[in-house]
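Just the one chain here, laid out as structure tokens, in the form predicted alone.
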Amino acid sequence: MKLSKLTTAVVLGVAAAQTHAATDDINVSAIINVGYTEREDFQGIAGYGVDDHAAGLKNGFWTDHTEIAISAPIDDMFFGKVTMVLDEHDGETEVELEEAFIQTTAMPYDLSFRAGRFLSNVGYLNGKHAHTDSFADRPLVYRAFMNGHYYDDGARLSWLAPTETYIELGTEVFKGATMPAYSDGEGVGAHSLFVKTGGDFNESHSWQLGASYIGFKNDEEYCSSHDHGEEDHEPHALEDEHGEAFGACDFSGDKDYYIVDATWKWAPNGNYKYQNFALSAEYFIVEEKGELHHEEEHEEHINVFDEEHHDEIDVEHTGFYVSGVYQFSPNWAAGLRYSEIDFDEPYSDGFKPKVSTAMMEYRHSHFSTIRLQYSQDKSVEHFTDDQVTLQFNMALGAHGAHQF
């Protein structure tokens, strides 16, 4: 969607919200996420085929994942939310409808039902909006395996146990129409299961554990036109030196993700305002079973032609990240993060992409963050990309409390 259409949509949305503002129930908010990144230009590096999400932060000035959200209770039974996101792709500003869902608020037996377009609740980071992260970009494992984050059209049923210890069980079905899923978009193309549990060790220490599964039935025939009616573009992911790219449109079959996550948080006497520390980690196992399509170049006399091949593959990839963030005063925090991926053949011959990140941030208030970040990106073999980023992340209007 072009910027003119976006402007019309935003004006109409805000006007509609203001028309009903007398109820004091409608929340209209926006996140402004802008910055500048100094990094190597990957355009000239052979064997690195990535889209905007997998490549990470753009070189130079950028406006990325700026969002506008409208939410409100519908009645005593339902709640609704719409989130539109502005992103830049190929030099053009586009709008994505990231969320448009209804959710029940009064189902019996502690059940909850959500339907529409929403972020999958698998893993720890995927169900959270990017602006709530403690770093300017998502970990490498999320960018390569989840295209940053996975959202889609579908439905979720979850159950919150009536216990002192937090226990939530849930299942989701999606049509499988956004990366890393690409199917015909008819029926169910993705499904998930998740369990989350957590609690307090004492007043100062809290924890959360999670285990998730999500499976996709992918068909390369639908990869380039899956994106909810947007203009066709063929996303890529990290390629190896031979040109095989994980997540690119060259695989058809079953792709299954198994994710475990763990988080520990500390705050003196439970007071997070002055000092706190958060340690989190996620581990991914990704299995691919199906056909990998590739082309081989042949030379016959004076003619050069490509010969297509479909190879049966049954492979397993793994990846993880670990991050720690220490807020040492009401306004200042610092953090470290490390992420690594181990691709199976034929995507890799033993090289393991990795990224190390350090950041320092200043929060003048809950609504404004200025972040300086350095990343050493070794996701391309025999190449190190030193990245320095200055990010400004600002919230306008009322904004809901962040998840644990």
Partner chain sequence: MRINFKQKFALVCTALLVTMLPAQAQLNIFACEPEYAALAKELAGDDANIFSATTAKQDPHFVQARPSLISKMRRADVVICAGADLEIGWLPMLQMKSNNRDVQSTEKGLFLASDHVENLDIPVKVDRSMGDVHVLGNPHVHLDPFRVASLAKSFTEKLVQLDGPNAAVYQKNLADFSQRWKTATAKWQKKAEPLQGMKVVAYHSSFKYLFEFLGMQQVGDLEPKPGLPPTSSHLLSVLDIVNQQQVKLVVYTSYQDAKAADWLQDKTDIVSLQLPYTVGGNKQSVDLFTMMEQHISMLLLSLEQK
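Given the structure is predicted, the values throughout are model-derived calculations rather than measurements. Positions refer to the first chain, counted from 1.
Not pictured, yet referred to below: the form predicted together with its partner chain.
Residues within 4.5 angstroms of its partner chain in the model of the complex, judged by any non-hydrogen atom, belong to 207-215 and to none of the other stretches in 207-215, 144-152, 285-293, 175-183. Shown here without its partner, the chain carries T63, S134 and Y374, none of which come within 4.5 Å of its partner chain in the model of the complex through any heavy atom. Its partner chain is not shown here, and in the model of the complex it never comes within 4.5 Å of any heavy atom of A115.
The shortest heavy atom separation between Y326 and its partner chain in the model of the complex exceeds 4.5 Å. Remark: H191 does not count among the residues lining its partner chain in the model of the complex, judged by a heavy atom distance of 4.5 Å or less. Although the partner is absent from this view, E203 contacts its partner chain in the model of the complex, with a non-hydrogen atom inside 4.5 angstroms.
A single residue from the set I74, A100, A334, L111 has any heavy atom within 4.5 angstroms of its partner chain in the model of the complex; that residue is L111.
Contacts to its partner chain in the model of the complex (heavy atom within 4.5 Å) from stretch 130-164: S158, W159, L160, A161, P162, T163, E164.
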